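Given next, in structure tokens, is a single chain: the form predicted alone.
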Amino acid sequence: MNHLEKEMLALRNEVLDMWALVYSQLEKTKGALLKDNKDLAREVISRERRVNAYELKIDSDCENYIALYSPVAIDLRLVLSLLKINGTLERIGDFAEGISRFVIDTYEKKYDSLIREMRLEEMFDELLEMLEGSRKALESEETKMSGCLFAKDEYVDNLYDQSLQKISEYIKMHSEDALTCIFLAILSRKLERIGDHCNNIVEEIVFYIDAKVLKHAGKHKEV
């Protein structure tokens, strides 16, 4: 392995390390919400600084790689994809932090039944599978699972729509809890947006491996 290949491998490994951290953040956020575990929520919030530090370091390393080695073709696509994936992972980390703050500041056990009806646990599970699946796609440089991952995003969108319906029904019976229900709607929206970001990560991997631009391509039928 020559020096250029070692530098590229180091970049990939940095992004994969950040990926593992963000996955852990989302997994801990799930536990914090579903188990009303405020200590776990505080851990997520404290570790957000590590996510931010990773983003800055990876951005700098990718920019330096481009400046020093002037990559072309597939190497350039990989660096550009890693740059965008890096920023997307950081945003997912932000959403995880925001949900954890809700657990600390607002959540009460009396909303457990509403949480179940909103199927938030299922949304978390789908998102974690999307994050893990996209990571495996990058490591294996294989895009055959992209269609399945795009389908998961659509499923998360459907769960989000259903969660809003459940919140609407709950407010009609418990108007005194309307403010918290609004926060829960925002929380559900954060999960839906994480799905969109996971979708964007898959698009970047397809761009790197297959040289296809899927952004704004609709339903991704070509994959």
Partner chain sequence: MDEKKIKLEAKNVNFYYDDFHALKGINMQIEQNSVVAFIGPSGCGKSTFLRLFNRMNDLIDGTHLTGECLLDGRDIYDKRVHVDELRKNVGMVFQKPNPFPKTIFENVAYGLRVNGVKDEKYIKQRVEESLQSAALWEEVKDKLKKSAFELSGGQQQRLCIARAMAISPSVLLMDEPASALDPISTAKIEELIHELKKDYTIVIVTHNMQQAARVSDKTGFFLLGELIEYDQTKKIFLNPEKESTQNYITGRFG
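This is a predicted model, so every value here is computed, not measured. Residue numbers count along the first chain shown, from 1.
The same protein also has a form predicted in complex with the partner chain, omitted here; what follows describes it.
A.B. asks: Only one of 101-109, 144-152, 76-84, 129-137 has heavy atoms within 4.5 Å of the partner chain in the model of the complex; I'd like to know which.
C.D. replies: Stretch 76-84 is the one.
A.B. asks: Closest heavy atom of residue 70 to the partner chain in the model of the complex, within 4.5 Å or not?
C.D. replies: Contact with the partner chain, yes.
A.B. asks: Within 1-24, which residues come within 4.5 Å of the partner chain in the model of the complex, counting heavy atoms only?
C.D. replies: In sequence order, 2, 4, 5 come within 4.5 Å of the partner.
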